[in-house]
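Shown here is one chain on its own, the form predicted alone, set out as structure tokens.
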């Protein structure tokens, strides 16, 4: 199986050049000008288009029991949507409840993906309790190819860990050489503010922001950084949303704390007024941490440009508006959290970042692909256009124009947070380890093509 991508502008984290890419088997074998394809090779003309390494979403939820319901996507639907959106690798959060056995939970999440994903995948292993058996079980999971944990400093009684569990998880991570990804909010402040708001009659979706304002997130970041500094563990802050939290993280980084920072495409293009829309429309935009005041957008874009924020993810969590989100009518605390964005991340990052001059193309590749691969033990297999790298390639037409519509999306959810938004550019062709999965904007892949990626520890 050979594939030649001819004449496109190859964009990596640091370079741009016109050339050809030859893929044989599952990997890139040659990069240059005027390459001759082997007999029988498939040839894709990429003239006038950008050629990117496959994008990686480091933060998605596909199988997710949450708030009394389940996320709507499955791997067949989510992986298809990912590929149509230019994402060729997913890292899903494996989120057991506190009562679940970690190994059984890991195997359950694996069973939902193996043989059912059109793109490659891996997991962050959720640590939702730490007892006398946890260390041995997490060590076993790491030996199976998982090099990151996930903890919640929120969702008390469900996913959240206490401070003893937090310390022991970070200490074990340091010992094993894995990175700890963390949801940072002060759960006590959230709980008390929710109680006060409901008592005052604030039941609407807009109250969600007031239950966890920026100080609540910043305090969660500060708390994590204190524990990381004392244990020496490497941490990764997921879905950072605001200036206050960013300031805490950067201050810790300046002290030598090992911290990588992720933001979400939603925080870059949406603001808190979306969740304040009348007639319960705001429920479509409820997520945690919540959408912030619009002034935070330029702060986050600038941080991406400087390299202070390392990655852009989605925290994809699809819950239908007409049914599941309605669970929170009359009580905003019962609205299933999440803004589905898996399919739209790259087109929004290009339209509102590159086209508006907030970041350049190389930065887009860096924050949506290469930095993810480097952080989570996948580089240079993923996140790179290099000889020997997996032939995960995205071809992008900058001259195309489009409109986002829930009627046309592949995500298995009944609304789009970006309905009728105009976008510039379009993903035309995508390969997964050398096999064409998207051709001329249409999915042509195989739902069992994706492989579980055993990741190396990098610390």
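Numbering follows the first chain given and starts at 1. All values derive from a computational prediction rather than experimental measurement.
The same protein has a further form, the form predicted together with N-(aminocarbonyl)-beta-alanine (URP), not shown here; the description that follows concerns it.
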Considering N-(aminocarbonyl)-beta-alanine (URP) in the predicted complex, find the one stretch among 335 to 343, 107 to 115, 141 to 149, 218 to 226 with heavy atoms no farther than 4.5 Å from it.
-> 335 to 343
Heavy atom of residue 317 within 4.5 Å of N-(aminocarbonyl)-beta-alanine (URP) in the predicted complex = yes
Residue 288 within 4.5 Å of N-(aminocarbonyl)-beta-alanine (URP) in the predicted complex, heavy atoms = yes
Partner proximity in the predicted complex: residue 239 to N-(aminocarbonyl)-beta-alanine (URP), non-hydrogen atom cutoff 4.5 Å = yes
Contact test in the predicted complex: residue 130 vs N-(aminocarbonyl)-beta-alanine (URP), heavy atoms, 4.5 Å | no
Among 209, 183, 80, 347, just one has a heavy atom within 4.5 Å of N-(aminocarbonyl)-beta-alanine (URP) in the predicted complex, namely 183
Among the candidate residues 50, 66, 415, 421, which is the single one with a non-hydrogen atom no more than 4.5 Å from N-(aminocarbonyl)-beta-alanine (URP) in the predicted complex?
-> 66
